[in-house]
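Just the one chain here, laid out as structure tokens, in the form predicted on its own.
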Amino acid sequence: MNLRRIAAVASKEWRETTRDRMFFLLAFLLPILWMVVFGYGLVLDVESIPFAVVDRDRSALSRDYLYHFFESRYFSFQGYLPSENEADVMLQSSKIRAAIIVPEKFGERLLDGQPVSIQTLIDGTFPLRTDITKGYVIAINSAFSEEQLVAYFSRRAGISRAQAEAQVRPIKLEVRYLYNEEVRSTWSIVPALVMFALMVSSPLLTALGIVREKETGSIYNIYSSTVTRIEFLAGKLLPYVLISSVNAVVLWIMATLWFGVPFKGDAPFFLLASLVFVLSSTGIGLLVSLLVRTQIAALIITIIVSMVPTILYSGLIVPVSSLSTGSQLQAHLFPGMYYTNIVRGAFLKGVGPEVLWVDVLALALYAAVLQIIGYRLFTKRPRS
């Protein structure tokens, strides 16, 4: 293997890439655009839920109860309504997502120690959002009920509020969130978007760049040259590996500085793992380019092969552990899942090779297998 020949092929490929200004700009802009679009659009936090209130009691206790919703960052108060019919109209028009109806004698019954039923209407158009909203309502109701129970025992037994609270709640639950202390979906999604952007852009650039030679006919120069197969493939892949490596650094900077995701891991290890992932993803593009002859075909096949499995089986949105057995098996056949483990582990947990070495090894094997298959498929004899 002659390094000068590899450098010559790589230099030629770089000149071809920079000559097409649109292709060159897309090579660096596409990952950034995907990060911005999905980073702001793919937010799974359920907050500021618009809701309205039908308060038939209008007592001090009903206002105290409703203030728990008013002061919560999960709800956005839209005003009082005169009747349930008005609530139905606003729910149908999607002006609100929930309506709380407080019955008559709400405060009077609570002061007498009697149970009270409060009706809550929730828009069920989006099941996941509905379940989360229901959980918020249940949590606020539980907190308010406990407050009223403590106050009732304190009055009836003639003891202090602290003593009554100790009897009502003998066991206190303290929850600590590890790795994502603010429980923000952005901190989980954005690192995975680094994987998504590289997984889609790297094979796409590689496939289009190599197939371009077939369409222009310049591939015949390689057929008649003394450049060996491995020298040609190495020189062809080198510019796209470098471009994707630069994109990995840019995406890392965007995740930390733009979206404010903390990076707790080891930067050199993360960059090395990213390079291994880039080698595996560009290997996919190489394989596609050897199987098709037109850039349109390369574009379509690369999008299908890289984007669809990445969205479904990489853990980008749904954890792999939550998938069915068959889906988990498919997830292990694509490199996206392994790199998702690496980026989330490096960003949020601060773990390094002592934990993530299996994922890095899987990516290295994936890259090696793809390069070997690409080498076997490529021939210097033109196909009829």
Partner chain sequence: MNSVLGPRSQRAVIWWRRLVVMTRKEMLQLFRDIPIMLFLVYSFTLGVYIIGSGLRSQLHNASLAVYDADHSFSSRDLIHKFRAPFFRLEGEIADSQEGLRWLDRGKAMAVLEIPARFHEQLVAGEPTAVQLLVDTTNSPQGLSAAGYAARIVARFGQETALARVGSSEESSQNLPIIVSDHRVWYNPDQNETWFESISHLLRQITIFAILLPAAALVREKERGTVEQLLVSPLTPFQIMVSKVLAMTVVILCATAVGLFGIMQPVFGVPIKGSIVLFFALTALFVFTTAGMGLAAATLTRNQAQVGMMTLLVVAPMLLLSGLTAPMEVMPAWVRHLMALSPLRYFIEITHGILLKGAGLRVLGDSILAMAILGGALFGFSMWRFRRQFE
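None of these values were measured; they are calculated from a predicted model. Residue numbers count along the first chain shown, from 1.
Keep in mind the form predicted together with the partner chain is missing from the figure; the text below concerns it.
Novice: Three residues, 59, 80 and 159; all within 4.5 Å of the partner chain in the predicted complex via heavy atoms?
Specialist: The answer is no; none of 59, 80 and 159 reaches the partner chain.
Novice: Give me the residue from 205, 261, 195, 273 that has a heavy atom within 4.5 Å of the partner chain in the predicted complex.
Specialist: Residue within 4.5 Å of the partner: 205.
Novice: Would residue 37 show up as a contact with the partner chain in the predicted complex if we use heavy atoms at 4.5 Å?
Specialist: Residue 37 belongs to the contact set for the partner chain.
Novice: Please determine whether residue 338 contacts the partner chain in the predicted complex, using a 4.5 Å cut-off between heavy atoms.
Specialist: Residue 338 lies outside the contact set for the partner chain.
Novice: Indicate whether residue 268 is a 4.5 Å heavy atom neighbour of the partner chain in the predicted complex.
Specialist: Residue-level check for residue 268: no, no contact with the partner chain.
Novice: So in the predicted complex, does residue 47 come within 4.5 Å of the partner chain, heavy atom to heavy atom?
Specialist: Judged by the heavy-atom cut-off of 4.5 Å, residue 47 is in contact with the partner chain in the predicted complex.
Novice: Out of 106 to 131, which residues reach within 4.5 Å of the partner chain in the predicted complex, heavy atoms considered?
Specialist: Stretch hits, in order: 106, 110, 113, 114, 115, 116, 117, 118, 119, 120, 121, 122, 123, 124, 125, 126, 127, 128, 129, 130, 131.
Novice: Mind checking the CA-CA distance of residue 262 and residue 73 in the predicted complex? It differs by 3 Å or more from this form, so is it closer or farther?
Specialist: Their C-alpha distance grows by at least 3 Å in the predicted complex.
Novice: Can you tell whether residue 264 sits closer to or farther from residue 73 in the predicted complex than it does here, judged by CA atoms, where the change is 3 Å or more?
Specialist: Farther: residue 264 and residue 73 separate by 3 Å or more in the predicted complex.
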